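Just one chain follows, in the form predicted on its own, and it is written as structure tokens.
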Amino acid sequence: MMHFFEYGFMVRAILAGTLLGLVAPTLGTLVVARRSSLIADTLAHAALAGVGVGVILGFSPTWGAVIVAIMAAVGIEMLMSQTRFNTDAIMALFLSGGLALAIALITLQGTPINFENYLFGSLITVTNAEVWLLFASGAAVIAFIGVFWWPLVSFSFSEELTATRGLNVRFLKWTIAILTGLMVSQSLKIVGGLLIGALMVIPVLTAIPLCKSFRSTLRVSILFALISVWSGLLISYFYNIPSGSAIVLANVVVFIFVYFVSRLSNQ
């Protein structure tokens, strides 16, 4: 059963998936607390457009996804702070526009890459360079959250209260958005652009009924995310299904199990 470790692509997938399992629910805890869970899916669709931009301009689709996702994160925050548009409406604009642009660009180019790998995730396409980039980005995310932990906790629940304490709300807001875009864009090969939002949100939702504090919710959600990533990757390997769908289905199964167990224990 353990012979899959003999394959380099599987080792890279497990390393990348583990990094993603650590970082995705860490950011997810913040966005769920802010009631902006849709941001992950929105930036993922923008990242898919970045894949198309990279293909059209002749450079790495991964870097195209990173650049466009960060640009989308900045654009979303600008519209949210400078207009009266509803947050959900702004998200819908970037979400649908990003996916439409991605499909148009890939179609015009003649699809020199397998776009489904970026939509649903693919084990065999993860490269060493992408693992290292994900490691560097994940380290930056964890360092930022470690340094600004208490301001981020305050900010996640109340921007107004955070501002009254003399903290820079704009800095926190923009940095979270940019880091989310950075991580989402690099998750396309593992989870896929259509499914990454689930990895950020579902482990947090699973942990909430079991936890009484923000910190414990973060820790338990990471545990559930890692369990789902590892089991999903194994399912993907042995049954030859897209890694993204396998990981998300594992998340859903864990959520259902924990939900019913917690309901029964409270009766």
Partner chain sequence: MPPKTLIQAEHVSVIRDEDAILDDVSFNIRAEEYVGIVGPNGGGKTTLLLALLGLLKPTKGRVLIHGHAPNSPKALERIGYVPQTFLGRQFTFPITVEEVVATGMIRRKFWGFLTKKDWGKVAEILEEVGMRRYQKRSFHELSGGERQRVIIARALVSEPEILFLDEPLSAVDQPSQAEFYKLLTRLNKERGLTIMLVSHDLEMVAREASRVLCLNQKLHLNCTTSKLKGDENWADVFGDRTKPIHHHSH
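Here the structure is a predicted model, which means the values were calculated and not measured. Residue numbers count along the first chain shown, from 1.
One more form of this protein, predicted in complex with the partner chain, exists but is not displayed; see below.
Student: Within a 4.5 Å heavy atom cut-off, is Val53 in contact with the partner chain in the model of the complex?
Tutor: Heavy-atom contact with the partner chain at 4.5 Å: absent for Val53.
Student: May I ask you to state whether Phe214 is within 4.5 Å of the partner chain in the model of the complex, using heavy atom distances?
Tutor: Yes, contact at 4.5 Å.
Student: Please check if Leu79 has a heavy atom lying within 4.5 Å of any heavy atom of the partner chain in the model of the complex.
Tutor: So Leu79 does not count as contacting the partner chain.
Student: Contact between Ile235 and the partner chain in the model of the complex at 4.5 Å, heavy atoms?
Tutor: Taking the distances in the model of the complex, the answer for Ile235 is no, it never comes within 4.5 Å of the partner chain.
Student: Pick from Leu105, Leu167, Leu95, Leu133: which residue has any heavy atom within 4.5 angstroms of the partner chain in the model of the complex?
Tutor: Flagged contact: Leu167.
Student: Would you kindly say which of Leu38, Ile208, Leu226, Ile67 lies with a heavy atom within 4.5 Å of the partner chain in the model of the complex?
Tutor: Comparing distances to the partner chain in the model of the complex, the residue within 4.5 Å is Ile208.
Student: Of 43-51, 215-223, 57-65, 238-246, which is the one stretch near the partner chain in the model of the complex, taking non-hydrogen atoms within 4.5 angstroms as near?
Tutor: Heavy-atom contact with the partner occurs in 215-223.
Student: May I ask you to list the residues of 144-174 that have any heavy atom within 4.5 angstroms of the partner chain in the model of the complex, in sequence order?
Tutor: If the 4.5 Å heavy-atom criterion is applied to the partner chain in the model of the complex, 144-174 yields Gly146, Val147, Phe148, Trp150, Pro151, Val153, Ser154, Ser156, Phe157, Ser158, Glu160, Leu161, Thr162, Ala163, Thr164, Arg165, Gly166, Leu167.
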